[in-house]
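A single chain comes next, written as structure tokens; it is the form predicted on its own.
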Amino acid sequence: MALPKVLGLETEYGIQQRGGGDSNPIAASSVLINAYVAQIRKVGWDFEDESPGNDARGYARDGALPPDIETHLVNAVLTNGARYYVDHAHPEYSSPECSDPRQVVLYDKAGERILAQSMIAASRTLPPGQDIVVYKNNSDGKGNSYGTHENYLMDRSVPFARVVQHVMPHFVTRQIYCGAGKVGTEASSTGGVDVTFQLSSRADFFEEEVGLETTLKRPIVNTRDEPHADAQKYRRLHVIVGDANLAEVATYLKVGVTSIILSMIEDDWFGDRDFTLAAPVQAIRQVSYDLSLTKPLPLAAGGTITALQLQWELFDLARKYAEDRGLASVGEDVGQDVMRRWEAVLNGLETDPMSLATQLDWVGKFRLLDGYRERHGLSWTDPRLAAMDLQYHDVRPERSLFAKLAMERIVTEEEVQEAITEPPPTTRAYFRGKCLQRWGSAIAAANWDSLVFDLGSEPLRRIPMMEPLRGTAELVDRLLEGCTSPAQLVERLEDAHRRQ
């Protein structure tokens, strides 16, 4: 049976410091995050278990460049269980571990609010006339891209080659509903296609089918093998091919449908069904450039298929899977809701894409910009449209064009405000967050799979958290309530471990 899909999103935000001469994005990111964490008790990140160079294939191609670990930059853990830090000259918010797609939407949206609050906090520390602006997007318009990464818990025993075979066609084609939309292109070559507006903001930047890199020669399927859990049992599929979504329905479908596809792969549900594309790197751009959704994509076994047709094929397989096996790995109720929304969105894309303008980023953005363009008689190359594209992604609610659209919600604003400080109750993030809330001054450092306590005497005490679905409210609330000090908590945990 497929494993429960513990999930998370990592978002690198675009950043600009204005009014102070040349902007240094590393310095601006540090000011931004420090201004926020100064309002809370700061707990730093523990780099003990970081291993970004591990490759799921068991080898790394000559010249491969795994991500650098920048231990000298600001790196904090928040009471909602999230990580907030400077990564490659960008502020990055990594959500806490979530137990279903709806929870992912909730904590991703909480991240947006944290960035907005950080801008306000930073403005109080900057000289008059200066400010920092943050955008939830994926490129600076000058050929530089920054990522929105997804993470999915998977069974280590599933052959990685099987994962690649079946997830690749999904990654290439899912942008028809989870693309963020983009004016123009930053690709050096478009194959002769005149790209005025495209579905995805990220498709221009992928050059390999499979690989370890995340900043150069980006692959559609990333091979980083760093489970942040028991490596004998688990794999963390690290997905770098997605866009930064503001629309909650798009985020919900992005992680929800992918979770179902991965569960099907784990259960070997595809059998001999093979949708392998002949040229995935070319195809991911072709799909992004094709607003008509009718471009045929060559299949490796011969014949062609459109992105929409391929998603329908995946949906039909998933419907049979749900009927036969159920969707417990995604959460039965949430999984069934994902299926309903997936089908409705595919129907909408087939009949009238503009009917989805309140659900999908690329559709909402296109309708907004195209309406403005027509009213003012502009060409798609007019710089005002590029500026509006950027303004769509502004995290400040009062300045964001996205915020002015009546987009459908998956979660309530009350839930989002609570998620800014409170951890999800259904994963180990709950234990991390609650310990930070109660005993932050006694925690020397934290990471995804451990907490390091400083009890005032040598040595530091590391509490491992190798099971993502342990440390939930159901499992640890009584323990936490029964402890009056961090020393008592550590003693009880170590006693329990010795008895196992």
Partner chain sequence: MAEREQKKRTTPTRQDEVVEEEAVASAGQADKLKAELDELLDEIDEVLEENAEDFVRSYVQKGGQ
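Numbering follows the first chain given and starts at 1. Everything numeric here is computed off the predicted structure, so don't read it as measured data.
What comes next is about the form predicted together with its partner chain, which is not displayed.
K.L.:
Counting only non-hydrogen atoms and a 4.5 angstroms cut-off, does residue 125 reach its partner chain in the model of the complex?
P.N.:
Answer no; every heavy atom of residue 125 is more than 4.5 Å from its partner chain in the model of the complex.
K.L.:
Residue 89: heavy atom within 4.5 Å of its partner chain in the model of the complex?
P.N.:
Within the cut-off, so yes.
K.L.:
Applying a 4.5 Å heavy atom distance criterion, does residue 380 contact its partner chain in the model of the complex?
P.N.:
The answer is no: residue 380 has no heavy atom within 4.5 Å of its partner chain.
K.L.:
Considering non-hydrogen atoms and a 4.5 Å limit, does its partner chain approach residue 276 in the model of the complex?
P.N.:
Taking the distances in the model of the complex, the answer for residue 276 is no, it never comes within 4.5 Å of its partner chain.
K.L.:
Taking 4.5 angstroms as the heavy atom distance cut-off, pick the stretch from 371-379, 294-302, 161-169, 267-275 that is near its partner chain in the model of the complex.
P.N.:
Contact criterion met by 371-379 only.
K.L.:
In the model of the complex, does every one of 99, 257 and 470 come within 4.5 Å of its partner chain, counting any heavy atom?
P.N.:
No residue of the spot touches its partner chain in the model of the complex.
K.L.:
Ok, 149, 285, 228, 341: which has a heavy atom sitting within 4.5 Å of its partner chain in the model of the complex?
P.N.:
Of 149, 285, 228, 341, the residue with a heavy atom within 4.5 Å of its partner chain in the model of the complex is 149.
K.L.:
Answer with one of 130, 421, 196, 347: the residue that has a non-hydrogen atom within 4.5 Å of its partner chain in the model of the complex.
P.N.:
When its partner chain is considered in the model of the complex, the option within 4.5 Å is 347.
K.L.:
Does anything in 123-140 come within 4.5 Å of its partner chain in the model of the complex by heavy atoms, and if so which residues, in order?
P.N.:
Stretch hits, in order: 135, 137, 139, 140.
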